[in-house]
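Quick heads-up: it's one chain on its own, the form predicted on its own, in structure tokens.
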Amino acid sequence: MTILWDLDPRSLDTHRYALGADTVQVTAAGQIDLALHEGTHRLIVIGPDIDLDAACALAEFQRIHRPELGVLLLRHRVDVTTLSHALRSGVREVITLGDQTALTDAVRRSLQLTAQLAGHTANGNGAQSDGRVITVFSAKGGVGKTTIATNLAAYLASTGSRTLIVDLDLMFGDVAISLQLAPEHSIGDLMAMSGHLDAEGLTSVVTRHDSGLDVLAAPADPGVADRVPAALADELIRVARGSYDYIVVDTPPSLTEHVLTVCDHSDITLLIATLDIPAIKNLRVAMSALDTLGTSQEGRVVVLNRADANVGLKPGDVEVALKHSINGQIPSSQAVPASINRGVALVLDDPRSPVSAAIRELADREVRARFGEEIAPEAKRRPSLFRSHK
């Protein structure tokens, strides 16, 4: 059954076809708890005139106490701020009032996802959230973000951990080409499974790398990017957690709806900086935006790439500008562009490279050790490449 929380007495008749004949309408938040206790409800649809903060508070509460219960939000107009606030709170989709087709589709997807989650709970699998999500982000292109993401993921896979790398740069993603892969499928193929994505469906669209790493590539056609909903990224991460030990997400250099959605799931956010003013400034602005949006600061790891470049800036200058300590440094090396052109993961192809050593240490100390993995003694004995520059 569905609960419609709406102040308009005509709303139930307006939306009955999309919501179903068994829908009940309430006009106050207090009535929702009563309705939930009295019946088996799988979905709450919140009307366009309900205060946004009240709607999001309800969604956040239900996400914790009834994770299988879906919440949809109707709005007179959907903007980025509303969408971001709603998705962070646990609302599954935001639909523009009057678009009955979109509402019908959203209801169908939500009910399918609820059935899937309820099945996991009945089987004793909980929310299938064992996997750890590592989002790699920079606010400027050309800083080596994809190189770090692919090498980090390849190294984690080489240690025996089930690892997936997701290319969330939907228009210009380079993960597949960086690993010399020609995938037959991409994240765009998941749209047909939206609302009922499962582990088998995810497996059907990934490409296996020689290292054992699974790759979910960006669409080959940039035009597909606009059709991939942010809600699909949410569903993807939830399903991937149940199949992988680590999910590494490579992102575009901007805070898109998809990136914000994944950031809400992230256990660790690697923020990549370089020794140039535009990259530092953009990253500082992005970090402030993440603070404003309420994302957790605990899992942030700042990594300085090409840290030995002689360009008039020092790592300490970066720390002052970002108001955050540098957690890892990766040196410059001609081996990096050479490995990209050859389509190999440097950390595996040339493990003695200083860049490879830095990435291994980043993975061991800032990822694996955080989650209680046993680190080999030789890794613990390596001289630290991380420095503090107070």
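Given the structure is predicted, the values throughout are model-derived calculations rather than measurements. Counting begins at 1, following the sequence as shown.
There is also a form predicted together with a small molecule; it is not shown, and the following applies to it.
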Checking a candidate spot here: are I268, R368 and G372 all in contact with the small molecule in the predicted bound form (at least one heavy atom each within 4.5 Å)?
no
Using a 4.5 Å heavy atom cut-off, which of 223-231, 280-288, 137-145, 295-303 contacts the small molecule in the predicted bound form?
137-145
Using 4.5 Å between non-hydrogen atoms, is P331 touching the small molecule in the predicted bound form?
yes
May I ask you to check whether P337 falls inside a 4.5 Å heavy atom distance of the small molecule in the predicted bound form?
yes
